[in-house]
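Single chain ahead, by itself, as structure tokens, in the form predicted alone.
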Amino acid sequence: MLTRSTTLLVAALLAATLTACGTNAAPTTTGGGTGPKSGGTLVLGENADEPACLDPHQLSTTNTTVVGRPIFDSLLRQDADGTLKPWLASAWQVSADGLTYTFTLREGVRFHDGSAWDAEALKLNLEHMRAPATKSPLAAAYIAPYEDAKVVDERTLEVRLASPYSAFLNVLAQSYLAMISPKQLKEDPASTCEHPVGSGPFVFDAWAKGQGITYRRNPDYAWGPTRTGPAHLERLEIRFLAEDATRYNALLAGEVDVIDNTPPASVEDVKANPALAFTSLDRPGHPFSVWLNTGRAPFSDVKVRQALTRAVDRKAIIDSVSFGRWTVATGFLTPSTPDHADAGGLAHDPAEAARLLDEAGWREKGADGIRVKDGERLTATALDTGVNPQNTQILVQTQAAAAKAGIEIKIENVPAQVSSERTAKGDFDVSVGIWTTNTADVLWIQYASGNITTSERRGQNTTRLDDDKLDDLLERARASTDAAGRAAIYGEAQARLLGLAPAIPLYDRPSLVSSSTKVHGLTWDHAYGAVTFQDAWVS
């Protein structure tokens, strides 16, 4: 691996940068009075959750926004306070019945291949998102109510929905629904995974799988979400570094300039290092959770699911893994997500876990303490890809807590692709993960029965939960055009999920970003909580 020496800044610049980059503060541009400088290369160290495809409509990894946002722009952008602002759409109108959205599109935008941004380009993108051939794991679900669109004129598209959809504008600000070149979609749609073409501040350069992705500056970019003008950086490089220690040591050695997913154990060291800066942002969406497959035994029994929820000491696990940096989840949405409600009732209670298992018929115990019924052990299989060390630790500690209650969890180490395939088929019992999004509609994505994967459609209801009452609540919330009424319905849905226990919400995981103090102008994509680089520069 190539190395580059770390350039230390003068004391005054160090002080200014460290002051600007405190915990939970958005990264800001600082320059010691010299202002942004054009040129140079910034190298980002990422974890090993590498996407299998760079088409934004097919992306589903936790690094989706980080790897895709340099290339792709979205129709709208979201501010830190949740306000939606123009981006590739300069204005929009919504009909009184919530079924028709009329978008006025920004002028002067060009894709990297020279094709124009117009109403036909937006229509092509919406059709690509929902096309079965795209096999979209996210975008198709996010715009499921989309029915059709009509080109009014070059700059105006009228979009019609089959039913009102309260989250439609929010999801159009996400990187999963970013815009791809219409020329590429028409002439070579199969190339979108390997050679993506967008309209963003950087042009895709090369992808060495298992190693990294490189980008070069788009010199014609003049429609950024925070300012006009091209990126300051000449080049951007993302390196996939699986081990936490490797990623952190690469930052210390100057081999990378920024690291995402800073190891929690290293945060205080970063803050104490005058050559480094640290910043974090709470992510919206579904908390990091232990997912349970409700579609087969043993977790098809709600009492067994409830028992495991009570058996797991969430705070002990979180404190151990995050060194006190993560906050225990209060429900099935993070507090930074619209319509979040505090579910309560998730207290660690081993006695209640034992009672529930007795009630479910698992009264006997084997010599090793694992419960038995009709000669069968209470056993479950967990899948672990090893991509994220914290995820592995959480599974191991969940396994230990379950064993104390008499539930055996066997952890299988499998490649990410195998995990994805088996999860889609329902061939697992336990997995862990997080779902970041800027809308409470994540509950529909994750738990509506219509989102269980079938041979015809890839859904994201990995728990395979099928509950008519919850389905009704989530459909009503999606269709509600009244903010207060929608929040009340989502409150009911979150309370019902507490009883159904398809998952154990563990913590609200923030983005933890560390950088050299020679890096300035890092910004956030607030629709996801990911670091972005259009305004970044190096001194």
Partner chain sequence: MKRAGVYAAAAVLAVLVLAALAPELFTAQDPLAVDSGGTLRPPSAGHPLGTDENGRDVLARIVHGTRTSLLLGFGAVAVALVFGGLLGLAAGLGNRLVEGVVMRLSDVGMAFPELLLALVVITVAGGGTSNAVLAIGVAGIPNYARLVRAQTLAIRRSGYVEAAHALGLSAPRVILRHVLPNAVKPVLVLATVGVGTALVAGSALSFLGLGTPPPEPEWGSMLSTARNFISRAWWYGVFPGAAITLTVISVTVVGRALRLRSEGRAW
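Numbering follows the first chain given and starts at 1. In this text the structure is predicted, and so the values were computed from the model without any measurement. We call the rigid core whatever largest set of C-alpha positions still superposes within 1.5 Å between the two forms.
This protein has a second form, the form predicted in complex with its partner chain, left out of what is shown; the following refers to that one.
Looking at the partner-bound form in the predicted bound form, is D118 within 4.5 Å of its partner chain by any heavy atom? Looking in the predicted bound form, residue contacts with its partner chain do not include D118, since no heavy atom lies within 4.5 Å.
Does any part of D301 reach within 4.5 Å of its partner chain in the predicted bound form? Heavy atoms only, please. Contact with its partner chain, no.
Is there a heavy atom of L292 lying 4.5 Å or less from a heavy atom of its partner chain in the predicted bound form? Contact check for L292: no, nothing within 4.5 Å of its partner chain in the predicted bound form.
Closest heavy atom of Q397 to its partner chain in the predicted bound form, within 4.5 Å or not? Within the cut-off, so yes.
Answer option from P389, P338, G426, P164, heavy atom within 4.5 Å of its partner chain in the predicted bound form: Only one listed residue qualifies here, and that residue is P389.
What is the one choice in D79, D153, D342, D269 with a heavy atom within 4.5 Å of its partner chain in the predicted bound form? Contact check passes for D269.
Where does its partner chain sit in the predicted bound form: which of 465-473, 410-418, 100-108, 369-377, heavy atoms within 4.5 Å? In the other structure, the partner sits against 410-418.
Under the 4.5 Å heavy atom criterion, name the residues of 300-333 that approach its partner chain in the predicted bound form, in sequence order. Read in sequence order, the residues that approach its partner chain (within 4.5 Å, in the predicted bound form) are A316, I317, S320, F323.
Rigid core fitted, is the C-alpha displacement of A131 between the shown form and the other one 2 Å or more? False for A131: its C-alpha shift is below 2 Å.
Comparing between the shown form and the other one on the rigid core: C-alpha of G229 shifted by 2 Å or more? Comparing the forms between the shown form and the other one, which are aligned on their rigid core, G229 does not shift its C-alpha by 2 Å or more.
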